[in-house]
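The form predicted on its own is given below as one chain in structure tokens.
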Amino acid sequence: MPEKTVPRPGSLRELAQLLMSLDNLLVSCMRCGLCQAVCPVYGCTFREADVTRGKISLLENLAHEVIKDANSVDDRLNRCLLCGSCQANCPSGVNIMEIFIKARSFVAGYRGLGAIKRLIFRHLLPHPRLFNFLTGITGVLQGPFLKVANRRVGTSKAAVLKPFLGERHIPSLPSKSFSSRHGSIDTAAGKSGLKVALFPGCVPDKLFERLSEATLKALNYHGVGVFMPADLVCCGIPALASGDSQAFLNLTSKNIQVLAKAEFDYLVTPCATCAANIKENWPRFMASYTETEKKDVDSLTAKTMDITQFLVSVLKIDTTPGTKNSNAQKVTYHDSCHLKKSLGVSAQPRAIIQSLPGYELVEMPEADRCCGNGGSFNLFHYGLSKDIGQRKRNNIVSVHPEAVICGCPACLMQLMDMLSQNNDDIPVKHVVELYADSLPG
């Protein structure tokens, strides 16, 4: 269980408490430098300031550095994907994600939050109906602005939006989100005897609604009852990654209140980032919750898992390697950082792929190296994100697959962009899509 000691920055006293708790974590780092070998940002820039050890050196004198140049400190801290590669490979077991989250909260608490981020985190994400309405309008109006970039990958580009999107190749928005299409769902357990709360997550709900549809199809096929209230909100990771712990707590509390109303056995999501955030970061703010919320968080985090983990480890679906068809499609698999390094889920997605007779799994080099998306990192450091993504693309094409499979919607978006920009006719799919396609109906 992660430390439950992240205070909510606001007053000077709270900032001081946050700084002191940060100091207690920094002493564990031995400066061994092993993080260099696995850091995707350092792998592109070879700058000491971009690797974990360099950032920790900065944080040891954080108060002085922030007073001297808060914007520079903020930029250096945000040149990080929060992929967890350094923490997963740290011989000292330093809780690096905890350190970076606290440091970003301290800097955001000191310098304040930008108007656009404040608007998104505090006035859009907490209101699902408004969020659905705006994405729906955008989905309807986007047509004239988009030009197909790669039909097989499923991407478009928009010259008129280049000032905002740059050179990105993007998937088009659906006209209706998954949650708008289904509203509230509350079905009883069937033959499985189990009921789950389905947490679609923002990206699988608004952009890749097909992932949520595939998840729902798989659950229905196995007789799993589904509870999905219409008023679920963002899991909070965009706000937390930007240091806005106030917005994060607001989103978390809303979700806790909604989910605590129902009885279910597991909380399941097709978004590895959502699952990792709920299990790792929701408990970090125990001091800010009510006593009732604390009990609910303990219960929810224990029940949370990725859809592939649920299918294999709980439902015990048949993962016997299938006899491959003569025309089996050659696919490769990318280990999403939050899925493997945070949740420890790596064997289950592969087991699903290998069990399907229509697919032959071929491993790529560096399958678990970060693809470079990192959420807001992709928005504010796209050049670096693209360089990291290019290395992943090169590893993918080296095994000549007909498709690439992953377990995270953010990775899905990044891989589509990279493959499309390189004119690679290689579609990208989520594991649960392959599995759902194999089911009747």
Partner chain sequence: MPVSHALIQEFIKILSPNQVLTEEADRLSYSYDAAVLTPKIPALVVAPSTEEQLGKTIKLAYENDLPLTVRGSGTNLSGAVIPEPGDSIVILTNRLNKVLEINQEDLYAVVEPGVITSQFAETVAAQGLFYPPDPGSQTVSTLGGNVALNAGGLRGLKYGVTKDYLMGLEFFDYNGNLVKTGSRTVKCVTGYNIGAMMISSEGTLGIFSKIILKLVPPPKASQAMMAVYDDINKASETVAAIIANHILPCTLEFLDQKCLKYVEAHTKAGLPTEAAAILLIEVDGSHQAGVDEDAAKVKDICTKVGAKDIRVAKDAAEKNKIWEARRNALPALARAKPTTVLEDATVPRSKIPAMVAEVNRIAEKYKIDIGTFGHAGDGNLHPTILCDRRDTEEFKRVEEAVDEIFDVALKLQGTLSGEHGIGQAKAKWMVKETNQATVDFSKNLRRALDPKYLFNASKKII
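Please read these numbers as outputs of a predicted model, since none were measured by experiment. Positions refer to the first chain, counted from 1.
Only in words, not in the display: the form predicted together with its partner chain, which the text now covers.
Contact with its partner chain in the predicted bound form, defined as any heavy atom within 4.5 Å, is confined among 371-379, 411-419, 392-400, 63-71 to 63-71. For a residue to qualify, one of its non-hydrogen atoms must sit within 4.5 Å of its partner chain in the predicted bound form; none of Gly139, Phe145 and Ser180 qualifies.
Shown alone here, Cys90 lies within 4.5 Å of its partner chain in the predicted bound form, counting heavy atoms only. Its partner chain is not shown here, but in the predicted bound form it comes within 4.5 Å of a heavy atom of Arg76. Shown alone here, Leu58 lies within 4.5 Å of its partner chain in the predicted bound form, counting heavy atoms only.
Shown alone here, Arg53 lies within 4.5 Å of its partner chain in the predicted bound form, counting heavy atoms only. The partner is not shown here, but in the predicted bound form the stretch 31-63 reaches within 4.5 angstroms of its partner chain through a heavy atom at Arg31, Cys32, Gly33, Leu34, Gln36, Ala37, Tyr42, Thr45, Phe46, Arg47, Glu48, Ala49, Arg53, Gly54, Ser57, Leu58, Glu60, Asn61. Figure legend: C-alpha atoms of Phe377 and Val66, shown here, are separated by at least 3 angstroms more in the predicted bound form. Relative to the displayed conformation, the Cα-Cα distance from Ile67 to Leu58 shrinks by 3 Å or more in the predicted bound form.
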